[in-house]
Structures are given as structure tokens and as C-alpha cells.
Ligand SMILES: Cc1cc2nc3c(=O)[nH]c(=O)nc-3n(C[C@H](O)[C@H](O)[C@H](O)COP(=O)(O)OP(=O)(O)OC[C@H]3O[C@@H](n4cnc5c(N)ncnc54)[C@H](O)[C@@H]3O)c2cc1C
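Next up: just one chain, as C-alpha cells, the form predicted alone.
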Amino acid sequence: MPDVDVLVVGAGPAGAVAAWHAKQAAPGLDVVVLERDRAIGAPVRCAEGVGDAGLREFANPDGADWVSRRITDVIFQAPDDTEVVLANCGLGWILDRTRFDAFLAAQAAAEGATVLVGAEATAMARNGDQRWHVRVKERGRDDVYRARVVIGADGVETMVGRWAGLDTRVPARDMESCAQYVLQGIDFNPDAIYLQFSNAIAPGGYAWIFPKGVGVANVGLGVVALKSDGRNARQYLDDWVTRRFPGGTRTGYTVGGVIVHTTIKKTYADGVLVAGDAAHMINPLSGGGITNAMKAGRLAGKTAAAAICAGDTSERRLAAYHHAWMELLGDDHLKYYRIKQALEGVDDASFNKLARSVNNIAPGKRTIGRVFTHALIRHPQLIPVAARFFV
């Protein structure tokens, strides 16, 4: 029965960074990362886009082999395909997640963490010795790891949080079903990401085009089932792609779920922390979660290391992690969630009018702030949200 100090379940961005920073904070700790899939980073279940500033807190993208595309522009599309090119949106990147996630895991290993692939946590319990006993299936055999702290970075379908007694349920209205193709041979601006909002195209969510190269992009959408007409996400995507890119070649396909909710009320228990998608640490307005996951992983790793070194892995001690996260990004996500709720009352005709109105602004002054101001003028129901959170 192996004894470890920190057992990280999940080797995505949250888990890898948690292990990396736990070892960096306390090099003498035994840190093990479990990844149930046979390869870190695969299969890819996201659109792979990140902002420059958040990414650079953890890695330098300039010339990196885990970058697919540098992004300089953001284009919003109305339901009727009217395009609004935003100004001053900052730099962004489209990653190659298979390489990027492996890079982060390698950083953790370089600090001294042990990374195991094809190793799945199947159960977890506490047997009165102040350690968690985690049953792990690897290569057809079962082992039990005894861990002082378990960090659950096991994604949307997290089991660690449930085993620890945390409430990780997601309201049906806040779960999007997503489908995405890799399309080749299509025409678009390869330096821009495209976001299209339409209740007809992607009810409750939005459609996207994220370039991976010239003529190649991740093309997908997210749908809230409660708002759909009975079709699933792939059926909505097929209709949209057939209309937008009838000559495109589909060379890849993925499906998954995205939580567009706020951070769970409690991300900690005795000897347990949950991070990233497992804790709903996703921007509920955009559905973006890569940078959030890395920031949460860094907090979790440092908190776990400090608690172990202090000889106190109690719930009371680990609560500091939750408070730090809420101050860092969690409270902002609550604001974005309220905006998301308010936008649900805006119909396609209103989005079309808003796009045409915003295009009357000079291109160089067409910032997201000015777009939001126009939205407030045309849709007074958004004003209480803005007044509450931004004034």
C-alpha cells in the first residue's frame, strides 16, 4: 500500500500544475499524478483557445511546439451572419492540447512528481488514520494509495469531489453539450476567432471557429438541452457547418460537456481539494477553463504543500484555498454568470440589431466596453446587472 503525500487525480492543466507547484513549494514531498487515459492530453475535449496574459503565467508560447496558432482578432457574428470585428482585444493562442498537456505534465515530472498514465482512481475512503485510501486500477491490477492530501482534478465528471462528500451537482440549465469538428479547406480569417450567438444555431450557448492554421480550424458549438428543439449538439453542428462550410473536410470530431455554472460552494474537505472543471472553475459566460484550471491548480498545489508541512490537512486549514480562489476569480465568475442569465432574454432579432448598431462605431474604437454600452442602451434588462457588479 504506497504512502504518498499528495495524490493528484487527473493530469489535465489543473492536475499537472497542482503537482508541479506542490513539488516546487516542498521538494521533499512525494507527489503522484494519476491519469486514467493512456495518453495525456488525448482525446481533446475543448476548442483549445487561451488568452496571452494568463498563459504566460505558466509558460512562454513564443515558438513553442504546443502552439497551433497566434490570434490577434476577435469577430462576433450575429444570427444573420453580420460580423462585428472588435478592437483592442489583446493577444490569444490556439493550443495543441495533446502537446500542451504533455508539456505541463513534463514540468511536474521535472520537479520530481511521479506521473502515471492508464491509472484510474476507482474508489476513495478514509479509514481513521488521517489518510485517504484511494483504490487505483492500473494495468489490470488494483493498488491502494494512502495519501495525506488528494487533489481532485478529474474534470466535469469528477468522482473525487463526490467521494469526499462535496456537492458537485450541476443544474441542467447550466450544462452545455458540445460538439466540434476539425475542418480543413475552409475560408476564414486565420488570425481571428469567431463567436456566433444565436438561439437558432446554438440555443443557450454559442458557435465558434478557432483557427489551427490557414484553412484549418476547430469548428464547434455548445447547446443547453433544455433550450433545444430536441436535436442534440452534433445535429445542430451539422446544420451549421453544412450552411457555413459546405466544402469543408471533416478530419476530427469530439463531443463533451461544459459546465457554465459558478464555482461549487465548497472546494475542500479534510485532506481533499478539487480544482478546475471538477470544481466548476470555468468562466460561465465564455465556457473557457484552461487558464482558470492552471491558476486553481497552482493554488491547490501550494495550499496542499503548506498544509502537509504544517502537519495540518484539516478542512479548516484547507479552506484557505477556497477563499483565495474566490478572491482571485471565483467572485468574477459570479458576475459573468449573472450577465449570462440576463443575455438569455435577448432574442436573435435583437442580436442582429445590436450588431448593426455597433458597426456604426469606428473600427478602431469598437471595443468590448463600447459593445456592452450599446447593449445596455438597447436592452435595459441588462442595466441592473451592470449597476450591481460594474458601477
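Bear in mind that the values here come from a model prediction, so they are computed numbers and not experimental data. Residue positions are given as counts along the sequence shown, with the first one as 1.
The same protein has a further form, the form predicted in complex with the ligand, not shown here; the description that follows concerns it.
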Q. Counting only heavy atoms and a 4.5 Å cut-off, does the ligand in the predicted complex sit next to every one of Val149, Leu318 and Leu329?
A. no
Q | Contact of Gly276 with the ligand in the predicted complex (heavy atom, 4.5 Å) | A | yes
(Q) Just checking whether Gly252 would be counted as a contact of the ligand in the predicted complex - the rule being heavy atoms within 4.5 angstroms. (A) no
(Q) My question is simply whether Ile282 lines the interface with the ligand in the predicted complex - judged by any non-hydrogen atom within 4.5 Å. (A) yes
Q: Consider Ala153 of the chain shown here, and say whether it contacts the ligand in the predicted complex, taking contact as heavy atoms within 4.5 Å.
A: yes
(Q) Within 4.5 Å, heavy atoms only, which of Gly204, Pro211, Gly287, Gly161 is in contact with the ligand in the predicted complex? (A) Gly287
Q: Name the residue from Ala121, Ala102, Ala192, Val84 that puts a heavy atom within 4.5 Å of the ligand in the predicted complex.
A: Ala121
**Q.** Location of the ligand contact in the predicted complex, chosen stretch of 37-45, 23-31, 347-355, 56-64 [non-hydrogen atom, 4.5 Å]
**A.** 37-45
Q: Output the sequence-ordered list of residues from 229-256 with at least one heavy atom within 4.5 Å of the ligand in the predicted complex.
A: Gly256
